[in-house]
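Below you will find one chain, with nothing else, as structure tokens; this is the form predicted on its own, and questions on how it binds or moves follow later.
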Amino acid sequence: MLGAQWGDEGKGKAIDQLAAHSDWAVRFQGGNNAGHTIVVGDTTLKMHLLPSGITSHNCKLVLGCGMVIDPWVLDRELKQWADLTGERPEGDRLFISERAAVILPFHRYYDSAEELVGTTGRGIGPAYRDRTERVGIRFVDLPKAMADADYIADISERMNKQLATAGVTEKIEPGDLLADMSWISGRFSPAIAATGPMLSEALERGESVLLEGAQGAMLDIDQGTYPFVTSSVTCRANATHGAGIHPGHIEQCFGITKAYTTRVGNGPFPSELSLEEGPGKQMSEVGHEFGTTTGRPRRTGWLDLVALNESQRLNGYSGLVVTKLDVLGGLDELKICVAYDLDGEKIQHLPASADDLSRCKPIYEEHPGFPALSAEDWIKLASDSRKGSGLDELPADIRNYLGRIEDLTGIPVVSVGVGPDRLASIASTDGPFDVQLNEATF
């Protein structure tokens, strides 16, 4: 399950729907720079590290080896989950890869000095950098590190030199670092495990594994709109690698896209609209477009098929989940960006250079809009669709809009989100999302 745009596409809801029919849900990259929101009735869950499959008690959970994990954030999320449900899943159905990297206070301090890219400031990039430089701490390394006072002193000195160079005034004391490591080891030792072999054995038993991406394809460190990207590989190629299993296990790959486009942070955005008026304002206000992790307003724009096709090239989606379709209700006209004008040349690919992309002007197709419906009407429409009509339950103008997306991408639309609630979805008949949707069991 992958984000097909610049993140915030609604992956949490889609994962929540399939997790009830899966044995495992696995986060394979990123950290608490991602935010997944799940709405079930009157309950809204906002998670940054815990896999969205946590809402299904039959589903085991893994924080994979490709992740960088802030133990304090994870502790807070687990406490919130326990307060809501009474469950303490760590070591029972939640497991942390022993190979996953640990985010320490140093990483957050160092990240706070970054301003250009517009990161979340959660220490994600510095933690990945340390792992690439082979000086980072993984969960499996904690006992050995705690037993070596000279090692603790050395890494504290290295951290302080880097902080001073970046102009950060905070310092890392060896005693504090040792105390932090001791707390992390004691708090999470029941859950730290060799999760790669665990998942491989589960697959051999015929169990189903749902791989849960964070961020989106256009934020991929290699293939995204560099340098305005995240610090990890967000695409399909890393899904199994970051879980510790081989790529041959993937049977289906679903891309999640909004019916329009949003972006958080800095970087070029060709189809961007004004948040002050018109369709951009409606997308922002009706869609409640604020970052789950940062709270920053998301930039909004028309659906960008150039970026979406780039995402398809990288991931080979077997199905497309189109979310927040309801947000567009009431607009007289809908637009789809089908190409760019770059200095007078029509192109249909994403330039590798951010400078080039910033000069791209969108070339649009225009389509008729559709009426706005109340949340209750959308829920009723979704309910009626589950009686056998599926996507055919949607009005003709909406079906035509979705059909055009299918034509331009070559990907079948398998589910459409028409509201934040778990039940506010319309799936293709007999498709992968044509499953029983229940109210919350927690």
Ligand code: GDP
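When you see a residue number, it is the position in the sequence shown, counting from 1. Please read all numbers here as calculations on a predicted model, not as lab measurements.
Missing here is the form predicted in complex with this ligand; even so, the following discussion is about that form.
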Handout entry: One stretch from 54-62, 380-388, 393-401, 413-421 that, in the predicted bound form, holds residues within 4.5 Å of this ligand by heavy atom
Key = 413-421
Problem - Any non-hydrogen atom of D304 within 4.5 angstroms of this ligand in the predicted bound form - result: no
Handout entry: Partner proximity in the predicted bound form: T37 to this ligand, non-hydrogen atom cutoff 4.5 Å
Key = yes
Practice task
Consider V327 of the chain shown here, and say whether it contacts this ligand in the predicted bound form, taking contact as heavy atoms within 4.5 Å.
Solution key: yes
Practice task
Please check if T323 has a heavy atom lying within 4.5 Å of any heavy atom of this ligand in the predicted bound form.
Solution key: yes
Exercise for the section: Taking only heavy atoms into account, state which residues of 1-24 are within 4.5 Å of this ligand in the predicted bound form, ordered by sequence. Expected result: D8, E9, G10, K11, G12, K13
